[in-house]
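This document contains two forms of one protein chain, each encoded as structure tokens and listed individually as structure 1 and structure 2.
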Structure 1
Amino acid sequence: MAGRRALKAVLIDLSGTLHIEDTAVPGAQDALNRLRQASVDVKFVTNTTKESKRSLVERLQRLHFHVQEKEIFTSLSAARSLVERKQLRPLLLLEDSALEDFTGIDTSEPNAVVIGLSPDHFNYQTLNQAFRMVLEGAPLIAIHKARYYKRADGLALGPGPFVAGLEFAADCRATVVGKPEKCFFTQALSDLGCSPTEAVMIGDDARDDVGGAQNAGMLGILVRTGKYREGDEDKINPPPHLTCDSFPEAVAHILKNLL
């Protein structure tokens, strides 16, 4: 392909691509092992506001995937990375399980607000505190802006509505750090020493995984597992570099054509 350099890294989505809940995608473990034998770096990327890297790794290892914590990059990691780069002291509106990923960050006298899905923090008092800070100029960092999600007892508000409310009240725009933001992908690659044109993303979400990655300059491979629905490949422009049945086929394509 004119202009493209050899592949150096593969970013892999987790839920819907390597596994569906507590079941691995058939053949995925072997495919991952084969990928690792080639001379490419591998990173696992996901949007989450509640699960720490450690709990993600534990689930993957239970499903017989060989992964290490340092290979995982989440929207929480992206937020942490931004906070560190800008030397901010954040007010963390996050569930306890997510706080683990912010160990070591100074949160005294906060001058920024980091907001994920945290029902315990979405009370009048805490939101007022966050609002006052943002109104006075504190950066508002959103882990992501999902409108709602499916819970066991029905639909439930995601962090998006609360971010939208604060943006309106304080007349500001939040910096959203999760997929499909470009900075999420560039950050995921930054410690691998490779540029987006040397990387490919594999995922089941046409817009957030493939669209986001391609927008950042990467190639995108859409897999027909997880949340994929017939015709998703037509919903993004440019279309995915490849649409295939599942992760093992994506790996086979990479090993045969992209290295």
Structure 2
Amino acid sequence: MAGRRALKAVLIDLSGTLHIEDTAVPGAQDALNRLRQASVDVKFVTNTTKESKRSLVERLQRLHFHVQEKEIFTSLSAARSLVERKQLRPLLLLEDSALEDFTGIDTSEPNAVVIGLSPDHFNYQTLNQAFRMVLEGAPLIAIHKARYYKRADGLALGPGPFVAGLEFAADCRATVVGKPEKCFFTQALSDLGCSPTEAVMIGDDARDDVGGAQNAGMLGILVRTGKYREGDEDKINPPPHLTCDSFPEAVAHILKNLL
């Protein structure tokens, strides 16, 4: 902890850390309530691209998490900001439930490809359309490149393999806007008035959550829930500040040792 400042903010991953689909991680609601009583800001950061921010809040509230929409920063938000800043007209490879977060964006005659997790639309025809656009010079924007994620029925492919396929076929590099990109974490912290050295990240993805946060200057706590697999903590350098069994244990460590 030498050289670090007093903790001001905790960033929390959602899927796999607080819940898995419609099931909460045991004890997560009470742990979140305890954390909120401490003198730190809480923000939720997620690469989830299967549903809009509004739908995500509704899901969390059904699971009895007290979360407000303004507390959530998503990779969809980051992608929309980039599209608006560059005045692009994107082909959106997203689930229909996520399109709400791009309301008002002009998608006529698309000149860019935005790709997230879209199981219902990842077919040859759609991916080939994206390939042809990128081959002709359209920018490829990946909301994130996660290899896989945890569903109730087991691990499932994330958007990363599909992004990699387009990169390989079109001989290009995608612009990635979600975790583990440094800019994602700095954007998430920007309205909290604190620097990365004053923040900690809790998540179930060693590379995207913990590795990304630590590369941005934060502390990272890895939880053994969600997509975690044995040995994940050994796959990043530097290793996590802490690896623990679940979100409640991570909160207990923060309250005892970091405040």
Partner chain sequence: MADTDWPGCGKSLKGVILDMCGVLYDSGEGGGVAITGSIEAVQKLKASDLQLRFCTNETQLNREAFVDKLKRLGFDISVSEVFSPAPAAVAVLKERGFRPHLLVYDGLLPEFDSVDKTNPNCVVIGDAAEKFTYQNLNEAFRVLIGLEKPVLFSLGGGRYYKEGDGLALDVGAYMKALEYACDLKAEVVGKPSPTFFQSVLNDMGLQPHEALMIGDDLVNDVGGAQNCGMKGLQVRTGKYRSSDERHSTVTADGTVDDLAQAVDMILKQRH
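Treat the numbers as computed from the prediction; the structure is a model and nothing was measured. Note that the rigid core is defined as the largest set of C-alphas that superpose within 1.5 Å between two forms. When a residue number appears, read it as a position in the sequence of structure 1, where counting begins at 1.
Inset, instruction - Please let me know, 1 or 2, which structure is the form predicted together with the partner chain? - result: Structure 1, not 2.
Inset, instruction - May I ask you to determine if Met133 and Cys194 are placed in the same rigid part between structures 1 and 2? - result: In the two-part motion between structures 1 and 2, Met133 and Cys194 are assigned to different rigid parts.
Legend entry - Hinge rotation between structures 1 and 2 - smaller rigid part turning relative to the larger, in degrees: Hinge rotation between structures 1 and 2: 27 degrees.
Inset, instruction - Just grab the Cα shift of Phe102 between structures 1 and 2 for me, core aligned, in angstrom. - result: Displacement of the C-alpha, rigid core superposed: 3.3 Å.
Legend entry - Rigid-core-fitted C-alpha displacement of Leu157 between structures 1 and 2 (angstrom): Shift of Leu157 at C-alpha, rigid core superposed: 8.3 Å.
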